[in-house]
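Just the one chain here, laid out as structure tokens, in the form predicted on its own.
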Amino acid sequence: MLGFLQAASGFKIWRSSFSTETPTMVKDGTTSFKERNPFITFVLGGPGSGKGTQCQKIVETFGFKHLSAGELLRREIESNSEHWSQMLNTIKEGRIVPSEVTVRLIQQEMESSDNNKFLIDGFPRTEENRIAFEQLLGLEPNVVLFFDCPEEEMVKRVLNRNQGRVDDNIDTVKKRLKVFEILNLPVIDYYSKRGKLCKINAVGTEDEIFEKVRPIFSACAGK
């Protein structure tokens, strides 16, 4: 409990660096981001489900801008390592950061991009994430991809990729999978009921899986 309260204190400091007002103007000062009518895809799946690899293939084939929620958070931590040690511990323990922080990082990247088609990888992880995104940006995703992969396969993939990340060890991977199952499945169910969910069987080679993904964007993205 003490660790959680200490982390929460760190979160307050981080939150203070973000404006609570939603920017309405883009770089030329003439058009709001919402009025650009962006094509937004949320990409969901447990750690090791292969969603990052598939995002790169979507980028190469359909010209989307790829935003990884996890990478944005890690980049923010690395840029202020003296202040974000609690956030680093949070990631190592498989817990999640406040929704507003993640949404603001994503918003900044989207509004500063010349691209109008976005893959938001690893987000939303919770119903709170989802609600914060919709409320702060006034937008919903056009498509939600869910890469469905057996737990044993995900654990094997994460341990084999050996990227030197602080959260890639067997105990943390299992913890992250448990967090994913508890918190992310309600989000998946929500979008399924809204008819926006595209479930992908994430077993097979990278190319085999992409052939299951390709028709979704051929139809939805006009490619």
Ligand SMILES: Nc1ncnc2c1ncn2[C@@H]1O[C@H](COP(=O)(O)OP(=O)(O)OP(=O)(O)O)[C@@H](O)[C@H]1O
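Every value quoted in this text rests on a predicted model; they were computed, and no experiment measured them. Numbers for residues come from their place in the sequence shown, where the first is 1.
Just so you know, the form predicted in complex with the ligand exists too; it's not on screen, but the next bit is about it.
- When the ligand is considered in the model of the complex, only one residue from 65, 174, 196, 161 comes within 4.5 Å through any heavy atom, namely 161.
- Although the partner is absent here, residue 211 is not a contact residue: none of its heavy atoms lies within 4.5 angstroms of the ligand in the model of the complex.
- Among heavy atoms of residue 192, none comes within 4.5 Å of the ligand in the model of the complex.
- Although the partner is absent from this view, residue 204 contacts the ligand in the model of the complex, with a non-hydrogen atom inside 4.5 angstroms.
- In the model of the complex, the ligand sits within 4.5 Å of a heavy atom of residue 53.
- Residues in 59-76 all lack a heavy atom within 4.5 Å of the ligand in the model of the complex.
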